[in-house]
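Presented below, as structure tokens, is a lone chain in the form predicted alone.
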Amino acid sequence: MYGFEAMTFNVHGGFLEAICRGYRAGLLTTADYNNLSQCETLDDIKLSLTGTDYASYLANVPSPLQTSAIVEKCTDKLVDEYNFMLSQVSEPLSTFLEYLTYGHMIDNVVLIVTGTLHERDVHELLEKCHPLGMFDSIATLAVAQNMRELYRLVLVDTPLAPYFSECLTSEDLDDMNIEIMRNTLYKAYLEDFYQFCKSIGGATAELMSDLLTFEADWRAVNITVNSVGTELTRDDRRKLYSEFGLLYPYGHEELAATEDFDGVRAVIEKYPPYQAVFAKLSFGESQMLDKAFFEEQVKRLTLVFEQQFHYAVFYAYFKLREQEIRNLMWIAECVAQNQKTRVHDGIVMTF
């Protein structure tokens, strides 16, 4: 079917693709970031954003400003755009858009369970949850003592239910088990989303396969780096890697056996598409790894907009907007903590 999308795509998807590309034109530019980096206070940031798409969302935020208030209002814009698009779609795009929220659902579940473990107030935790990952019974997550209860009492009626089949153990929830649960859920989610995109076919399958492959490989690298020096065995580590991607299966075997950051680097540098990521890092320097991967991801996401008649633009737009919100949070925190010299260290340009 690849190559014939132009004949029928616009019947159901043309309007929303145009809307999405219009939203993308509202992303902050390099000039906007340069202006923001000159701000002395959080009120200056608010003033600088009045010339952008965030103006109406920040207009009624009272002083004194907090970083959390700026991030919350910017996230509200993202949520409103998502809800508008979801209200206009038909299948299979509606299912595709719903898949975009499952990652936030997983993060919210982990946030609530971890917070409860450390005796944090549930209402305080709910305020920190991402709005796109909310579901009706999320507040009752606090009652679960192990994975089985978590599934039986709460998650059985959510879209995450099918992903819990590999997580169902009777072990008590602790920090290590929760982190394993997060990565197991993400693995199942990415594999499911990958197969769904393949079933759509055409340019959507081609572009989304590339983007999800990159995300799966990135997660494999992160799992390896973060599990070095922990009690996680080689087999446990391998089980957390997604069963697709450029690194699958031989790269996964090598990653599972590595014992330090330079070992991870040696494995990944065998794969040409990822050599540029590690070329930016010195040997033994793992602190900037996430930023290097974010920059590579943004490059891939912007290229998606060069093609038409596919659903990958929706995935790319929301990922770019989320990156923009992370940038704004970094800038606001640097200004609030009087660390302006570090502003450019954490910004990943989205244009």
Partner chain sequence: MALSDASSWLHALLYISPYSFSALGIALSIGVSVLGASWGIYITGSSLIGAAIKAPRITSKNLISVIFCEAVAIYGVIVAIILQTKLESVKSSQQHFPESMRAGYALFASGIIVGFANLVCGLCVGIIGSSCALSDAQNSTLFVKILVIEIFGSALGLFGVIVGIIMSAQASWPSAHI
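All of these numbers come straight from a predicted model, not from anything done at the bench. Positions refer to the first chain, counted from 1.
Only in words, not in the display: the form predicted together with its partner chain, which the text now covers.
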In the model of the complex, the one of Asp53, Glu296, Asp32, Glu322 near its partner chain [non-hydrogen atom within 4.5 angstroms]: Asp53
Heavy atom distance at most 4.5 Å to its partner chain in the model of the complex, all of Thr8, Val11 and Ala18: yes
Partner contact for Gln38 in the model of the complex: its partner chain, 4.5 angstroms, heavy atom: no
Non-hydrogen atom contact Ser68 with its partner chain in the model of the complex at 4.5 angstroms: no
Trp330: touches its partner chain in the model of the complex, heavy atom cutoff 4.5 angstroms: no
is_contact(Ser63, its partner chain) in the model of the complex, heavy atom dist at most 4.5 Å: no
Contact segment among 304-312, 288-296, 55-63, 42-50, judged by heavy atoms lying within 4.5 Å of its partner chain in the model of the complex: 304-312
Its partner chain in the model of the complex - contacting residues of 178-215, heavy atom within 4.5 Å: none
